[in-house]
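So this first bit is one chain, no partners, the form predicted on its own, shown in structure tokens.
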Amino acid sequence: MEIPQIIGAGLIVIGAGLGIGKIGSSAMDAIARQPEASGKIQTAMLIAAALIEGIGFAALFAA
């Protein structure tokens, strides 16, 4: 791998990590506000995190 590819891969991983962290933080805030909706919130959070992770993997293979 060349240096630009390594930097690009690092940025992809950092971006995906920040995105999943933001989703987790927002989900915890939402669950704290409405505990009765925790099941739906967790389901939506897991689906969104899986989509972000999938896009991150696809971007790593493209880089």
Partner chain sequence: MVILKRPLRLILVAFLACLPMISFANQEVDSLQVQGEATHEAVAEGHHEGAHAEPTDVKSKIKAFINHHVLDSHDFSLTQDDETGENWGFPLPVILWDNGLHVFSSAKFHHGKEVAESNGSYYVINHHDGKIYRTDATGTIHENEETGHPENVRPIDFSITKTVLSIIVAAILMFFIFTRLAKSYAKNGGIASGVGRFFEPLIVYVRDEIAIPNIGEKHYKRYMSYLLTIFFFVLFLNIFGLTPLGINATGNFTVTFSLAILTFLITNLTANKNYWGHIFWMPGVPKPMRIILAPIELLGVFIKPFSLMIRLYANIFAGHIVLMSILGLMFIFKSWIGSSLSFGLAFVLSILEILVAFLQAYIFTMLSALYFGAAVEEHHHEEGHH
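Residue numbers count along the first chain shown, from 1. Quantities reported herein were computed from a predicted structural model and do not represent experimental measurements.
Not pictured, yet referred to below: the form predicted in complex with the partner chain.
J.: Is there a heavy atom of I14 lying 4.5 Å or less from a heavy atom of the partner chain in the model of the complex?
T.: No - in the model of the complex, heavy atoms of I14 and the partner chain never come within 4.5 Å of each other.
J.: Does S38 reach the partner chain in the model of the complex, with heavy atoms at most 4.5 Å apart?
T.: Yes, contact at 4.5 Å.
J.: Can you check whether T43 is within 4.5 Å of the partner chain in the model of the complex, heavy atom basis?
T.: Flag for T43 set to yes.
J.: Answer yes if any heavy atom of G10 is within 4.5 Å of a heavy atom of the partner chain in the model of the complex; otherwise answer no.
T.: G10: no, not in contact with the partner chain in the model of the complex.
J.: Quick one: name the residues from 39-63 with any non-hydrogen atom within 4.5 angstroms of the partner chain in the model of the complex.
T.: Residues within 4.5 Å: G39, Q42, T43, L46, I47, A50, L51, E53, G54, F57, A58, F61.
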